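Only one chain comes next, encoded as structure tokens, the form predicted alone.
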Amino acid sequence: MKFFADTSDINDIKELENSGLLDGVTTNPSIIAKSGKQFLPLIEEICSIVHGPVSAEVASTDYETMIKEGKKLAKIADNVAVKVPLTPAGLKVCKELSDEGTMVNVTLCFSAGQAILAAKAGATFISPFVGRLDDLAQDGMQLISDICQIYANYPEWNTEVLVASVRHPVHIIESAKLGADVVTCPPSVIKQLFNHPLTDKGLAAFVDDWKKTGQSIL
């Protein structure tokens, strides 16, 4: 499974990249707005740090403007994945950009039917939002299961399932069990995977016992 960081924080991105745990980055208009930085230079900077795909989202909703924005974003770096909404216009843009060799992340997916359309349009990634479905008392992980099952039936489709709106480590673990290709989440959620009280307790005991030996490895 690939780990994408859903953030525009350069320090967090550098930390994860240096750890070897980071496979890519996703951004959206909300994340960019919170950063307070200029969009295009920020995407360029992130692309220079991260070797994997960096999702940069178009800001318009009509086809004519979206395709112009998408082509401009694609020119920033080879690892840009243009992010488009799962709408008729967005899928039209997806098809055109994909045919030109540009990575495309189709976002705001909430049904298996939508995921089928994205795969047929040539999407590199489909981003189903599990957390937002959970917020409505719907089963976000069931959607991931359905999409993975459908995609497995059609090996000619190369669209990767990118689980988005991840709220906690259980979302990551369940997505991995279902065979999702990618999860994207805030760096804080990725770091939560380290946490277990027995690990902390065991390490404390080992450190204490080692001190009692009076030895040093160095």
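One rule holds for the numbers: they count along the sequence shown, beginning at 1. Just so you know, these numbers come straight off a predicted model, no measurement behind them.
A second form of this protein, the form predicted in complex with a small molecule, is not displayed here; the remarks below concern that form.
Among residues of the shown chain, I31 is one whose heavy atoms approach the small molecule to within 4.5 Å in the predicted bound form. Contact check for I46: no non-hydrogen atom falls within 4.5 Å of the small molecule in the predicted bound form. The closest heavy atom approach of S35 to the small molecule in the predicted bound form falls outside 4.5 Å. With a 4.5 Å cutoff on heavy atoms, S165 counts as touching the small molecule in the predicted bound form. For the small molecule in the predicted bound form, the listed stretch (86 to 94, 114 to 122, 69 to 77, 129 to 137) containing residues with heavy atoms inside 4.5 Å is 129 to 137.
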